[in-house]
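First comes one chain, alone, set out as structure tokens in the form predicted on its own.
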Amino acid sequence: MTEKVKFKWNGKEIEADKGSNLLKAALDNGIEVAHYCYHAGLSVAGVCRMCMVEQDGVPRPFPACNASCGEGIVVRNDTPKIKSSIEATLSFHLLNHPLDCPVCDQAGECGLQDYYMKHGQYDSQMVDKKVHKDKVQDIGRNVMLDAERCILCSRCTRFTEEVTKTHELGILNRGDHAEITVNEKLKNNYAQNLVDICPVGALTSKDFRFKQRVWFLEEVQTTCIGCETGCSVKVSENKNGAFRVKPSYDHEVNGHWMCDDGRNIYKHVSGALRLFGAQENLNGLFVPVDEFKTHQLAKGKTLKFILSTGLTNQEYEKFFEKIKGKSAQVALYVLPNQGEDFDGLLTRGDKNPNLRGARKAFEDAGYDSSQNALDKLLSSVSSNDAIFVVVPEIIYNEDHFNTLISKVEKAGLKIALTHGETLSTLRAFDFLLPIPTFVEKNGDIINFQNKKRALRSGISYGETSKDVSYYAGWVNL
């Protein structure tokens, strides 16, 4: 068991692990400490000099990120000397920084802005011309670099050295001519984490640039549905739509990071093809229709359901409750593996977000979730059937899903339960009925570790969407 120590910071008593990072201990206990280069997921660099502190018995101030917690030490960062030090250091960071806050995507969540308002608000003493560097550099993987805004905290270079070990970035030259250099275009699948860890506007996302101001967005804490890892993420959204996905720290699953693929899971939520009501296929063109028409056409037919692996545990439970004791056939469609099983960091080839939850729900309800059961259901499809297919929110292999669709064409009534008209092959269905997306429902899924991961709803973009279990109520009409 790790030994604990107690010490004081600005008069507040703190308990932390002996020998642990002094700055991290302060931040973990809600004490605000100015810092740029320090990041809990990276090694300590000690280059920004913003986290300076004084300690009783130590003659000179020192950076807290380079110090350890010890029993009985007394630390302060609220003294006149430290406040003056922070202001002076901040002025150096701002000497060559361009005054482009109004057009910078980082505005509203920028460390320079925040600390200037708290520790600065002074007139610049710079009399020489600022050093100009290259702006708007596309360095690959949806990341843009503005070298003029960079304060050389080295977070990005340490990330490519220590986390991805791909070494695409480095620091070239010295003094005020030093800048981030791109050894090669970003090639790793975690590159957009660089945007998250950049404390200023030097690294920005091409996908998010100039789309929204961050102060108009709300963040919904939820779980990534991109694969079986189940990373903790936050979706930034407002009434106009969802705009980005960023990782939330979770020491059990994804730590501080997420993959670039997972950042695309939001795009169907409020896209142009989002489904907001029942639609009927009229000669290949989907037009709005009263859902009651579909309800009437299903009467007298044998109902068959093909569920996806992206539903929550609660949705499966409610679905099987509604068909209990009724004559309905149910099978499970499983997304095929994509590439390698595991990339060594977070990404997994199994793209089924809740396969374990689905299998358990099928077993508990007495249904077979195997491929054989799906094949048996598909082989028995006839004109007397009304078949419901739950379309996965994210389909990595369209050919594989299209093969499934081709096998339901014999059904007398073909209905897709989907969030939107996202695939051309959905024209094989007679009707499209809306279901909620992952950011519009509360529940949980089970990841590869057999851990429950929470889905949490935010703003609803499909007010007419109904839970899959609602359609189970059509059995034996």
Partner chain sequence: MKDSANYKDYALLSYHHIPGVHNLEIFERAGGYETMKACFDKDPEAIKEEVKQSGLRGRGGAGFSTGVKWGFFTKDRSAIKYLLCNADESEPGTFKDRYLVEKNPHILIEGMIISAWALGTQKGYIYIRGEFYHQAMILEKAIKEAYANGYLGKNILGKGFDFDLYVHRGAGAYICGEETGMISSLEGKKGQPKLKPPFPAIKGYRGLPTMVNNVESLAAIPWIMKFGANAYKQWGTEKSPGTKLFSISGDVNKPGVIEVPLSTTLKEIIEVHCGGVRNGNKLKAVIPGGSSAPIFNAEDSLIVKMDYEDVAAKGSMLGSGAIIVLDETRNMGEVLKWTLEFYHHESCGQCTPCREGTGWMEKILKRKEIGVAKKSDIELLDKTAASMRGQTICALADAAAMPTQGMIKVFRNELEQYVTTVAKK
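Residue numbers count along the first chain shown, from 1. None of these values were measured; they are calculated from a predicted model.
The following text describes the form predicted together with the partner chain, which does not appear among the structures shown.
query: Of the listed stretches (199-207, 171-179, 272-280, 303-311), which one has a non-hydrogen atom within 4.5 Å of the partner chain in the predicted bound form?
result: Contact criterion met by 171-179 only.
message: Given that the partner chain is not shown alongside this chain, does residue 131 nevertheless sit within 4.5 Å of it in the predicted bound form, heavy atom to heavy atom?
response: Taking the distances in the predicted bound form, the answer for residue 131 is yes, it comes within 4.5 Å of the partner chain.
field: 4.5 Å heavy atom contact, residue 46 and the partner chain in the predicted bound form
entry: Result yes; residue 46 sits at the interface with the partner chain in the predicted bound form.
- prompt: So in the predicted bound form, does any heavy atom of residue 66 sit within 4.5 Å of the partner chain?
  reply: The answer is yes: residue 66 has a heavy atom within 4.5 Å of the partner chain.
- prompt: Though only this chain appears here, would residue 379 touch the partner chain in the predicted bound form if you measure heavy atom gaps against 4.5 Å?
  reply: Close contact is absent here: in the predicted bound form, residue 379 is far from the partner chain, nothing within 4.5 Å, heavy atoms only.
task: Only one of 110, 73, 331, 152 comes within 4.5 Å of the partner chain in the predicted bound form by heavy atoms, so just point that one out.
output: By the 4.5 Å heavy-atom cutoff, the listed residue in contact is 152.
query: Heavy atom within 4.5 Å of the partner chain in the predicted bound form: which of 42, 52, 446, 439?
result: Contact residue from the list: 52.
- prompt: Looking at the partner chain in the predicted bound form, is some heavy atom of each of 2, 7 and 20 within 4.5 Å of it?
  reply: Judged in the predicted bound form, none of 2, 7 and 20 sits within 4.5 Å of the partner chain.
- prompt: If we check the partner chain in the predicted bound form, which of the residues in 312-343 reach within 4.5 angstroms of it by a non-hydrogen atom?
  reply: Sequence-ordered list is empty.
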